[in-house]
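Only one chain is given next, in structure tokens, and it is the form predicted alone.
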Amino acid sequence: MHDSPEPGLRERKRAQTAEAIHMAAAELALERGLDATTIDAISERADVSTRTFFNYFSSKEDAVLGIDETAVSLELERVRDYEGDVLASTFDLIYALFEASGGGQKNKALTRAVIKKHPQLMTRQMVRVAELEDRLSAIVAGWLSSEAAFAADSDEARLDEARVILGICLATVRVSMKRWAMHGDADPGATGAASAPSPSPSGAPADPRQTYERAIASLKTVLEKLS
């Protein structure tokens, strides 16, 4: 996975406001429960107006998760360049959504705690990715056109193939992120990827990006065994 370029000042300020709202929403969901967490309460704790809230998030659930539409678009633009590995690049697309949806925040323990208490939010996260399936598949199909094995296929066939690749990667991510959210990732060997990154020396759960990298290695291992 490649690293995104540093965002500009305007983007950083926007990200700070989005994170303030996201953190306020996540904290309230833990304290009061999801049903009792209101947009007014989130806005008050984040010290923003409700109008500002809706400039960043379309619902309280999206605020709890940190699903910011503008941030998602920016992240996808940053990672759409193809680096020669279809699977790794597809995981980059999915990871970009996670980065723009609360996963890249400093307090990962809070994000994990909220999802653990309200597992239905994990479903919302995956639904959000599904809502972007056509956009993501089109990007992957464009990459396939530069691959010799797919170059002779029609545009329609490559789009179908891209959807299959995206679906496989999403299923792998769903398994890995569910484990990260529910239990942490203290045992790197459990995914079947011996070369996967190790957890931090402190024993804290692995960084979500490491979890994604393990997912890539795990998927490749499974595909090799099936081939």
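In this text, residue numbers run from 1 along the sequence as written. Rigid core: the largest C-alpha set superposing within 1.5 Å between the two forms. On a predicted model such as this, the values are computed, not experimentally measured, just so you know.
What follows is about the form predicted in complex with the DNA, which we do not show.
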{"item": "Three-residue site V48, N55 and S58 fully in contact with the DNA in the predicted complex at 4.5 Å by heavy atom", "value": "yes"}
{"item": "Any non-hydrogen atom of I39 within 4.5 angstroms of the DNA in the predicted complex", "value": "yes"}
{"item": "Close approach of T17 to the DNA in the predicted complex, 4.5 Å, heavy atom", "value": "yes"}
{"item": "Interface segment, criterion being heavy atoms within 4.5 Å of the DNA in the predicted complex, picked from 39-47, 63-71, 24-32, 161-169", "value": "39-47"}
{"item": "Core fit, then S218 C-alpha moves 2 Å or more between the shown form and the other one", "value": "no"}
{"item": "Is_shifted A41 between the shown form and the other one (CA, 2 Å cut-off, rigid core)", "value": "yes"}
{"item": "K60 C-alpha relocation of at least 2 Å between the shown form and the other one, rigid core basis", "value": "yes"}
